[in-house]
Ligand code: CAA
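Only one chain is given next, in structure tokens, and it is the form predicted alone.
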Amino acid sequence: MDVNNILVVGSGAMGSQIGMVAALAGYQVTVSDISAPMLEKAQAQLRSRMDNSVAKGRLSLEDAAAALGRLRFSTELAKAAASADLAIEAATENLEVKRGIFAALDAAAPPHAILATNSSTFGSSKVADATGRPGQVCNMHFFNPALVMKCVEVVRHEGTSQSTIDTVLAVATRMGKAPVLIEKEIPGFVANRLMGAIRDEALRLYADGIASFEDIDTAAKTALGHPMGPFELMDLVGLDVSHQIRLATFAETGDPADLPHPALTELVERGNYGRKSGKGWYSYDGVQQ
């Protein structure tokens, strides 16, 4: 299926960057959110990012201007969905919220449109039955920061059509990503399960007094070649996000081993969410975006 118009629902860090990635790839893009101030903030941040990319020689002024020209922002979801060939939901990790969005998208989007969720926790089968087109529903899971990270996990549920998978893989490839096809739904998919295993072991080592979190990060970078350590990565993703994902995973599995580590819970309860709050495992100068 030809995809020309992409709708991204949610203008947070992930949603806005997914929209920018799509616009840079030549798609006509609308980023939708119920909050006008959030949309204004997203637009300003994306313009700043493009200016920075131009200043550093990563992008020409003409290409940046063209991509920004393909990007629209709207609080009117139904109107934005009416012309979408592909809608990517990037809202909060709340299943009822997502199901409501998918029902609204199903009512407003053209019959051919594919509806994808960027969820890192919920398989698309959890939202597919909120629509009348379950064969056109899948996960299209980007990684933070979406403008930089190459991986996109494309996850099918039992009813996802091969045409839907082929189209979404092609879109991800055109975006310059390296899509990974996951044939069966599983909590955490692939990358987060690998990352989670490293994170959980790092938290155990720290809690048992084996090494400081700084030295554990250093070992991951200097011995394993990771670009950042597990504690640095938690700060980047957001400790609140990591905490929420673990709670959602536990809700899926019922396995106490999937609950958030107490050290993570303690930081979240203090309001220390990582870079975005100015303090997580590490302290940062000012609030980082």
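From a predicted model like this one, the values you see are computed outputs, not experimental measurements. A residue's number is simply how far along the shown sequence it sits, counting from 1.
Missing here is the form predicted in complex with ligand CAA; even so, the following discussion is about that form.
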In the predicted complex, segment of 56-64, 260-268, 32-40, 246-254 with a heavy atom within 4.5 Å of ligand CAA = 56-64
Should Y206 be classed as touching ligand CAA in the predicted complex when contacts are defined as heavy atoms within 4.5 Å?
-> no
Contact label in the predicted complex: L233 to ligand CAA, heavy atom within 4.5 Å | yes
Although ligand CAA is absent from this view, report whether F143 comes within 4.5 Å of it in the predicted complex, heavy atoms only.
-> yes
Taking heavy atoms and a 4.5 Å cut-off, does N192 contact ligand CAA in the predicted complex?
-> yes
Hey, with ligand CAA in the predicted complex, do M1, H112 and M175 all fall inside the 4.5 Å heavy atom range?
-> no
Which residue, A82, I198, M149, L95, has a heavy atom that falls within 4.5 Å of ligand CAA in the predicted complex?
-> M149
Stretch 215-234 - residues with a heavy atom within 4.5 Å of ligand CAA in the predicted complex | P227, M228, L233
